[in-house]
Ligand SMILES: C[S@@+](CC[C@H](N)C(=O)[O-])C[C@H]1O[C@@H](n2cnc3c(N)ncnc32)[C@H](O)[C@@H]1O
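Just the one chain here, the form predicted on its own, laid out as structure tokens.
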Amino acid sequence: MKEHQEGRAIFKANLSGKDKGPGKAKGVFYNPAMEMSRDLHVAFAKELEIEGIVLDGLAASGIRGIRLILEAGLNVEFCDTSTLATNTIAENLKLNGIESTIYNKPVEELLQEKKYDCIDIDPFGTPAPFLEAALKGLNDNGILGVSATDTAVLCGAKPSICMKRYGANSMKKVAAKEIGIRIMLSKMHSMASEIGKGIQPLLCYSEGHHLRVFVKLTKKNNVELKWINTDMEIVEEEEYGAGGPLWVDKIIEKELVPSNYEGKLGKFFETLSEEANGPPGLYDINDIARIAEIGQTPQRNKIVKCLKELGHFASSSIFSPLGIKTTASKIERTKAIKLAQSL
């Protein structure tokens, strides 16, 4: 087990992965490819103004919770089923001059005994087995953060498993990750409804090899789950090739997107803010070019600019480097890309 540094934290863990992909779960798991995820979490935690007690529910080395304590000033407790992990968390807390509570038990068991104001679930793979316990373990208006690295399931590569695990049809191609997020939200919405509660998505995104959602537990609401077809139209009932049932309301609260950041984080937040008020779904810029029967596809930012000049909502997207979010019709998208070609 080696010593690492991330953000303001110094900690010991077993390195897994090579700065990309999910890595392999072994020992006290630490994947450097998730550093950006934790950078985002720290920034979001400051914007969300989280109060009360936070649970790092599948803590491993404890790096996420430790960074939230050091960099966002949160009151975090830790839980892991592995005795090796909880002993390592204790050592890592000492390394950073932190005192906190650590539970060596399944997070589902802990959440039957105690409720939290904020819970974070960051598993190796699917979060599905932990969602019910996490929702039940939240106080009213509490915030739940969930990561999913089972993107092959949520993003169209394993549709039968997606149906079994999440109760929904996934989609491939450019909109796959956004649809995957909306499928996760539909599962959480349905589970919350069963306990007389609702959810409000706050900040949802994809980054690297994982999907992530932050939701608030609210009073039960009347949000209807719907489908989205291959033309990115919202439909009330299932049809061939459509994704769903899924959450079709907003998934990003623009006012909660951090600002005043530079570099990679700043660019990420800028794009997230731009697409926050857009419609569900994405259009592939290469598909738009093919339909328009033009040669080389223009740069995405030029297409977005032309769509806006034609009076439509348009933005890039953090869900795909080839994706555009817009309210424009097929005719208007064709017109815009031809204009962009001349820029």
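In this text, residue numbers run from 1 along the sequence as written. Note that the structure is predicted; figures quoted are calculated from it, not measured.
Another form, the form predicted in complex with the named molecule, is not on view; read the next lines as being about it.
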item	value
Answer range among 92-100, 78-86, 226-234, 196-204 for contact with the named molecule, defined in the predicted complex as heavy atoms within 4.5 Å	78-86
Distance check, Y283 to the named molecule in the predicted complex, heavy atom within 4.5 Å	no
Any non-hydrogen atom of A59 within 4.5 angstroms of the named molecule in the predicted complex	yes
F124: touches the named molecule in the predicted complex, heavy atom cutoff 4.5 angstroms	yes
The named molecule contact at P106 in the predicted complex, heavy atom, 4.5 Å	yes
Listed residue (V304, I50, I63, I288) with a non-hydrogen atom within 4.5 angstroms of the named molecule in the predicted complex	I63
Complete contact of F29, R38 and F130 with the named molecule in the predicted complex (any heavy atom, 4.5 Å)	yes
